[in-house]
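Here you get one chain, nothing else, as structure tokens; it is the form predicted alone.
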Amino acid sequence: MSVGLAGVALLTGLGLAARHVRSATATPRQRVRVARALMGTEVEVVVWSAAGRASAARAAAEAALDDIARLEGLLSDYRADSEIGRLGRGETVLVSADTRAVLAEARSWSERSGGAFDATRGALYQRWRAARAAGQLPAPGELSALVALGGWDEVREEAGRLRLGRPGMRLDLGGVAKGFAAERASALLLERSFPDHLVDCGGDLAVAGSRDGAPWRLAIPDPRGRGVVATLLVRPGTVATSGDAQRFFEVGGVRYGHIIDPRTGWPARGTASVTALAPEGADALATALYVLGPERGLALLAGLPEAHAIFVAADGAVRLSPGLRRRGAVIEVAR
């Protein structure tokens, strides 16, 4: 459940990105960028390639976007004909290997986070979408019933097919599907011998190699619009930001974001944004950390030594997990 393109912005201008001086004898490099509207957002693929392979790089980027479109057709809960949509309509579905893989990843993060991330509470999340559109809060009793309408034990398998065990139950993979798609697209680009690339699925990123020999740099905006909090030097892996900067509404002067704590039924509060870095799975991790907050989030990260996080409070205060360090305006992995 990431915040979108404004959550973590790729720095590509020479005034912002690290300057990199190439020798006169170095092989010329070219930046290829392809973008498409997919998964309810803009998906961008950036590839650095040898100048003579620019056409092949563009073809590979388009193929990566085609694969993301295919995954959207399987995983979107907005589409009644998707495998996830059909499960939500009460059908028993012979799901694809990709859908099984995403469900397994979602279940794993649910277990790791103690339920702070939970894709089985789709009915609850849909109710909050309607509430945000109407600008009115749901009734507490209604939310209690929706919290109870879920659970991984209710995702049942019969003769190799899946079904949901309770009427009205829905799955919502919004906190994991974009990151999964970005990682799959990155794997496709690596298979086609383009090791330097970035895939951005609306703020859920898969990063490989470098930006023309220099580290990829991402801007972390202040969640209340006060500029840029810091610039993040990114190692190969995944990056995602979750927060309430874009999708929220206010009732009685209280801000209600779109990221719901599935344990309580109410929007998570206390942190304005969380940026997670991990070898894989940063999408779900960022959502879980946002729901947990800094203290419990850091406890979760203690068991994930290769994962890191940047917590930003509503007043712009920044808290880094162990393993990150800040040097002026730049944040980087220290170990």
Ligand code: AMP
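These numbers were taken from a predicted model, which means no experiment stands behind them. Numbers follow the displayed sequence, beginning with 1.
Form predicted together with the named molecule: not shown, discussed below.
From the candidate stretches 191-199, 80-88, 169-177, 207-215, select the single one in contact with the named molecule in the predicted complex, where contact means a heavy atom within 4.5 Å.
That would be stretch 169-177.
Using a 4.5 Å heavy atom cut-off, which residue among 150, 262, 223, 237 comes into contact with the named molecule in the predicted complex?
For this set of options, the contacting one is 262.
Tell me, yes or no, whether residue 47 is in contact with the named molecule in the predicted complex, where a contact means a heavy atom of each within 4.5 Å.
No, residue 47 is distant from the partner.
Is residue 75 close enough to the named molecule in the predicted complex to count, meaning some heavy atom within 4.5 Å?
Output for residue 75 is no: heavy atoms all beyond 4.5 Å of the named molecule.
Is residue 116 close enough to touch the named molecule in the predicted complex, meaning at least one heavy atom pair within 4.5 Å?
Close contact exists here: in the predicted complex, residue 116 approaches the named molecule to within 4.5 Å, heavy atoms only.
Mark residue 57 yes when one of its heavy atoms lies within 4.5 Å of a heavy atom of the named molecule in the predicted complex, and no otherwise.
Close contact is absent here: in the predicted complex, residue 57 is far from the named molecule, nothing within 4.5 Å, heavy atoms only.
Pick out the residues of 265-289 whose heavy atoms come within 4.5 Å of the named molecule in the predicted complex.
Stretch hits, in order: 283, 287.
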